[in-house]
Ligand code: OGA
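Only one chain is shown below, in C-alpha cells, and it's the form predicted on its own.
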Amino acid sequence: MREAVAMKIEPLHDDFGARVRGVDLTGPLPLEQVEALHAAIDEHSILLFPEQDMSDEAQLSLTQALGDLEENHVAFGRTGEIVHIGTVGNVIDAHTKRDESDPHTQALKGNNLWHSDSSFRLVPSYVSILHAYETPAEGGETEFVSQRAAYERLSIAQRTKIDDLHVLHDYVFSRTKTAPVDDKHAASLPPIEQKLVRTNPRNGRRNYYVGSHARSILGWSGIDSRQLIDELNDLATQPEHRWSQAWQPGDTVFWDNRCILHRGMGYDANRFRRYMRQTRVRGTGPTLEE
C-alpha cells in the first residue's frame, strides 16, 4: 500500500470548502490518508480534487474506503436492482446523448433544486462523490451552500426555537415539482422523519438540515411549517453564501450531505454533452439516533 502523502489544502469559500492537491484518489489509500480525508470532510464539508484519472472501478474502491456504499434509489425503487454508481448528465455512449425532451433529462432537472442527497432515506447519505468526464462548454455548474454556516448565523433565540424540532423529508413532494415520479419508485420512498438540527460527531459543530426534500415540521401546521422551512432555506442560499463549482474533466468533488445543500445549474442538453459519475457513502444510522 502506498505511503500517505500530506494534503495541500487551499480554501474555496469563507464558510466552507477546500481545493486539495497532493492526493491520488485512484489507487489504494493508506489508512492514515483515509482518516485524513474523513477529518478534512468534517472540517471543510466540500473537497475538490482536480486532475484525477478516475475510473468506475477506482471510484467504487474510493467510496468503499470511506464507508458503506449506498445503493442508487432510482434503480432500486423502479426495478429492485442494486446499483452503486450512476450517471449525472445526458450521455448514453460515445456517440449518443439525450436531448432536452428526453424524460430522463427532465427528471434530472429535480437536481436543480437545493437539496441534500438522500435526506429522504431512513439512513441518509454521509458523502457524495462526483467525478467529471465530459462537461458542457456553457452551464452545468453545481452550486453549494453550508447549512452549518447558516445555523451559526442564527440568533441564540432562533437556534433554541429549532434545536429540538423534527422534520419530514419526502422525495415525491420534492421531485414532482419538476417531473413525474414512477409509481414503484414513489412507493419505495415514504416520508421519513429526520432531526431538524444535526451535530457533527467529530467537532461538535451544529447545522440545520432542510432543503427541497424537507416537507413539514412534526406537530406544526402546514402554513407554519412551510414558513419556517422556507426561511431556513432562504437564509442558507443567499447568493453571497454560495460557492459554484465550474466543472473541468478530471475534477472529483466530495461533499458532506449532513450539512451541505447543492443544486445543478442546468445546461442545454440539445447542444452539449455532460457525463459525470456519482457514488455515495451511506450514513452511520438514522438521524433520530444521533
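Heads up: residue numbers just count along the shown sequence, starting at 1. In this text the structure is predicted, and so the values were computed from the model without any measurement.
What follows is about the form predicted together with the ligand, which we do not show.
Among heavy atoms of Asp102, none comes within 4.5 Å of the ligand in the model of the complex. Within 4.5 Å of some heavy atom of the ligand in the model of the complex lies at least one heavy atom of Asp117.
Although the partner is absent here, Phe254 lies well away from the ligand in the model of the complex, with no heavy atom inside 4.5 Å. Mapping the unseen interface onto this chain, Ala107 falls outside it, with no heavy atom inside 4.5 Å of the ligand in the model of the complex. Note that among 107-115, 183-191, 71-79, 198-206, the stretch whose heavy atoms approach the ligand to within 4.5 Å in the model of the complex is 107-115. Annotated contacts: Leu130, Glu141 and Gln278 all touch the ligand in the model of the complex [non-hydrogen atom within 4.5 angstroms].
The contact residue chosen from Ala149, Val88, Ile92, Ile85 relative to the ligand in the model of the complex is Val88, the criterion being a non-hydrogen atom within 4.5 angstroms.
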